[in-house]
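Shown here is one chain on its own, the form predicted on its own, set out as structure tokens.
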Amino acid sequence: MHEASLVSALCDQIDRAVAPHPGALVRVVHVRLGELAGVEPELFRVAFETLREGRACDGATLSIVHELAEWRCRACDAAITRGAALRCNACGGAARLARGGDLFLDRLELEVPDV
């Protein structure tokens, strides 16, 4: 299950982001998960629930936004509609995946102690 290694890397990233804010509590972790990222959302969620313990995001809620795949033409950058050919209607160019192939940490919601 590679979701566990992805969550471990995510927790490392969160630990580094929160380190400059002593006493801050991570309340919500917002991630964007692409349709073609090769990540099973429920396995990712279970791995997060397990691997967050003892980390900066221990007790945080995971918010996943699903991002649909979008393609654009390599030649003219026109949007390409979903279909078997994945060729540009305008120039016939080949498609490139423009969105929906990645996993991103979008933002963290922190509770910061009074200064």
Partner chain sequence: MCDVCGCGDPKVVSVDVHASLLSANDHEAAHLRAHFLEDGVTAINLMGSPGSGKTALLEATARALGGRLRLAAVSGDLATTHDADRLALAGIPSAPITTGTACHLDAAMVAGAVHGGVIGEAVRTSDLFFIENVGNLVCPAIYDLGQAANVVALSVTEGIDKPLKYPVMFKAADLVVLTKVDLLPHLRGVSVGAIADALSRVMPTPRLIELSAVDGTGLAAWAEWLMARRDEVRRAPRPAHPHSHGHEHQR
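Everything numeric in this text was worked out from a predicted model, so none of it was measured. Residue numbers count along the first chain shown, from 1.
One more form of this protein should be noted, the form predicted together with the partner chain, which is absent from this view; the next part is about it.
- Among the residues I64, A37, A78, V46, the one placing a heavy atom within 4.5 Å of the partner chain in the predicted complex is A37.
- In the predicted complex, no heavy atom of G54 sits within 4.5 Å of the partner chain.
- Under a 4.5 angstroms non-hydrogen atom cutoff, the partner chain in the predicted complex has L97 among its neighbouring residues.
- Taking non-hydrogen atoms only, L68 never approaches the partner chain to within 4.5 angstroms in the predicted complex.
- When the partner chain is considered in the predicted complex, D15 lies well away from it, no heavy atom lying within 4.5 Å.
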